[in-house]
Each structure stands twice: as C-alpha cells, then as structure tokens.
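Okay, here we've got a single chain as structure tokens, the form predicted alone, with questions on binding and movement later.
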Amino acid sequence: MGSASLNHETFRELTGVLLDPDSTPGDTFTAANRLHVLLDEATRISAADDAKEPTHLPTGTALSPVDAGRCLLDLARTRAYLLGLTAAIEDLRTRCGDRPVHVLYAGCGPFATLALPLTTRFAPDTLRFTLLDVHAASIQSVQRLVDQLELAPYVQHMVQADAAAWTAPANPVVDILLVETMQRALTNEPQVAVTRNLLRQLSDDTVLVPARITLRACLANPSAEVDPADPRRDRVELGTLFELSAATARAADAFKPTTVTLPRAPAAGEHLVIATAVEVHGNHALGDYDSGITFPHIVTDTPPLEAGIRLAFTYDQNLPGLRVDRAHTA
C-alpha cells in the first residue's frame, strides 16, 4: 500500500483508510503503521535530539514529540477522534455559513495527526486549523509536513506555547476546541488544565472535542477482566468521581471532592480502580480497554480499604490526577 515516500496520493490513500468507518482492523493497522513510517521519514522527528524528552510543565508532563507521534498507532483513539472531529465539523458547517470552520488543536504533536488527515475530506474554504504545541520540534515538524503536502491554505496559525497558560487572541472565532493531551484517569498530562484555560477564553458555543471525559470508581480484578467469561470480572461500581466537559471546564467549583462508600472490602485480586470513558463527539466514543487512554487505572495510594469506609476523591490539575483520602464525617 502506498509509495516509498510521502506525497499527496499516498497521504490520501492511507488517511482514507483511517477515515473510513468500515475499514477492517487489519487494513487500519497496516495503513496507520505505514503512515507513521512515512511521516517520521518526512519530518525526521525520531532523529531530532530535542524531540526525545518530555517537558515537565507546572500543570503536568507533555509527552516528547517522538512519543506524541507514536499516538497515531493507538488505532482506536486515532479513529474515534478523527471520525468524531469530522462529525463535529459537519455539524458546524451550516452555522458557520460562508466562513471556514476554525479548529484550535492543542497538543498537535509532530504530525498534527487529528488535523492533517481531514484536509483530504474538506476544502480549505470550509476548514482552518490553529495548531498549538509546547515543543518547538513538533511545530517545526508539522511545518515540514504542511510545506511538503502543500497544506498551507488549511493552517491559520502555528503556535509554540504551553496551552495551559497561553492567551488566545480575541479573533478569529474558534468553533471547535480540540484537546488531546491525556492519559488514562486524566493522570500526568495536562488535559484538564489545557481545556479549562482555553475554553474559558472562548465563546460559549465553542464545541469541545472530546465532549466529555468521565472518571468512575469501582472495585475490580484487572487480571480477570481480560476474560469476559471469568466470573471474577464483575465490578462493584462506586460512582462517578470527575467529569471534564464544556460545562465543568468553565465551572468555578469543578474540583470539589466526591465521596463514595465501599460496600465491602476488596476480595482477593480486587483493587480500587478508576475507569475512564471518553465521548469524542456524537456516537464516537472510547470505553474500557479500547485505547491506552481508557485502560483501568489501579489506585495504590489509599487508606486501608475496609467495608463501609468513605473515600473522598479530589482532582488536582497541577499534579494531574485524582487524590484519595478518608472522608471526614460531619
């Protein structure tokens, strides 16, 4: 599939497979791996000395450009985001009238993986991107791709900045805020801080992608969950702990503690687990085990887990992740 180097025809062919909801898993795997090789060769990102280390920010850790580029190979995530963003753009085209739909893409990485493929689906007079990343190597890499594939008409701005602290210009209007800077259970990376900083600067009708990220607590046996027939797979759901959406991103009290009660002590092999669900847009979503960002997260730093204990979970956006303590009784 494809040619020996990155060109318009090869790019359209490979991204077409990723954007086709009916593509087989085998075809998707082949296309994504081939595309990753060609993008890496075109940008030389894996050979860049300044692209191999993460950056530690006040609100979390930004993956190195090399590791960010590898996110393309998380196939379920890549396809859910591409298809969800496509649906969001289609939903907004009527509202935008004669002007292009403007997408602000925070954490674009070295390949702008969730932006550049959509240039094969939309004309430049209907779609524009502002591409934002903290790493100079990523911005330089995307610029090489834009130049090589002659995609400049789709790019309104490229910005190197910490998206959790960047001040967006007053104009132009941003129709979609796309943020992809997350790990499972919203740990380590600054998804929450980036979303809150940017969305609160934008219009109330700006569409957020992903639309909703939900963290739930449960008792689960992770080793048993690989086999759906294993009777130990049954979870004890404890409740929703945290939700990141347009409404909560703008709320002043988004970080209030949430309290749950353990109905019993964990059985042998069970752990306190945080499950992550991602609603991208419309019916495009990621659930348990679909992607690296939705694998269950075992909570290890807890008080003794006894029957009846009340646990208070609080999200900390400066050291990203949920913190758990014994809840104080009134």
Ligand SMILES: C[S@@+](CC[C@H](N)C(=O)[O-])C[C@H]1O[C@@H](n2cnc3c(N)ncnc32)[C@H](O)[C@@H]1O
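Numbering starts at 1 and runs along the sequence shown. Computed from a prediction, not measured in an experiment: that's the story for all the values here.
Just so it is clear, the following notes concern the form predicted together with the ligand, a form of the same protein that is not shown.
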query: The ligand contact in the model of the complex: Ala48, any heavy atom under 4.5 Å; finding: no
query: The ligand contact at Tyr154 in the model of the complex, heavy atom, 4.5 Å; finding: no
query: Interface membership of Tyr105, the ligand in the model of the complex, 4.5 Å heavy atom rule; finding: yes
query: Non-hydrogen atom contact Glu225 with the ligand in the model of the complex at 4.5 angstroms; finding: no
query: The ligand in the model of the complex: contacting segment from 31-39, 259-267, 278-286, 57-65, heavy atom within 4.5 Å; finding: 57-65
query: Single option in Leu186, Leu199, Leu241, Ala163 placed near the ligand in the model of the complex, where near means a heavy atom within 4.5 Å; finding: Ala163
query: Among the candidates Leu72, Leu83, Leu149, Ala254, the residue which, in the model of the complex, approaches the ligand to within 4.5 Å (heavy atoms); finding: Leu72
query: 4.5 Å heavy atom contact with the ligand in the model of the complex for all of Thr15, Arg79 and Asp290; finding: no
query: Heavy atom contacts to the ligand in the model of the complex at 4.5 Å, residues of 189-220 in sequence order; finding: Glu189, Pro190, Val194
